[in-house]
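In structure tokens, one chain follows: the form predicted alone.
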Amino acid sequence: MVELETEEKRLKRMYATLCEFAQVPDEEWNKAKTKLRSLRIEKNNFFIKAGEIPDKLAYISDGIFRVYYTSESGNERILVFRGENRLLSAYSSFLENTVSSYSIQALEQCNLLYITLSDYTALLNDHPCWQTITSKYSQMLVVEKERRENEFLCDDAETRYKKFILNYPGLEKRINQYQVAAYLGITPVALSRIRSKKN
């Protein structure tokens, strides 16, 4: 009984997240719920690896992921972090059924609700609310990408760190210094200097 209540709570949170993009009629949500599956990913395991074709769009009910690229020289650059109540996918690759250029890795034990590409495509064809969600979510990702690019073009490392703290409140306590530095595009030593100045 407790597990069912927990699952119902997760579904309500997912529904609230989707409704931030578009109002989902009860009939459509009830249809979508029948297509959702649960997935647990242990810490350090992957939701998707670069070079793979993603087949899932997920909702994060618990945990944190990093979305990152690995350069030819082996350096990692974290694009974004994804935490609770966020959608998760290599989105353009998911929609286009092509290989992902980045990896998505769990930084904690994570619990997801997900839908497959084929089931999501069926929803898209059934009701315009899913098309609106797709469009608005895509727009959000574009804005997010442009802001990140602007940070690296216009902000120094200290300013990027301040924005990280603002955009991800509490996250610094849940991940390690290397991951924060990889997000900021600096070394852990440089991050330590910035932190010491802040204190």
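The first residue of the shown sequence is 1; numbering continues from there. Values in this document were obtained by computation on a predicted structure and should not be read as measured data.
Omitted here: the form predicted in complex with another copy of the chain. The next part is about that form.
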Report task. Would you kindly say which of Ile165, Leu39, Ala50, Leu141 lies with a heavy atom within 4.5 Å of another copy of the chain in the predicted complex? Result -> Leu141
Query raised in the report: Is Lys31 close to another copy of the chain in the predicted complex, meaning a heavy atom pair under 4.5 Å apart or at it?
Result: no
Requested in this report: With heavy atoms only and a cut-off of 4.5 Å, decide whether Asn125 touches another copy of the chain in the predicted complex.
Outcome: no
Query raised in the report: Does another copy of the chain come within 4.5 Å of any heavy atom of Ser92 in the predicted complex?
Result: yes
Query raised in the report: Would Ser71 count as a contact of another copy of the chain in the predicted complex, using a 4.5 angstroms cut-off between non-hydrogen atoms?
Result: yes
**Report entry** Candidate stretches 129-137, 56-64, 170-178, 31-39 - the one whose heavy atoms come within 4.5 Å of another copy of the chain in the predicted complex
**Finding:** 129-137
Report summary line: Of the residues spanning 53-84, the ones with some heavy atom within 4.5 Å of another copy of the chain in the predicted complex are Tyr69, Ser71, Arg77, Ile78, Leu79
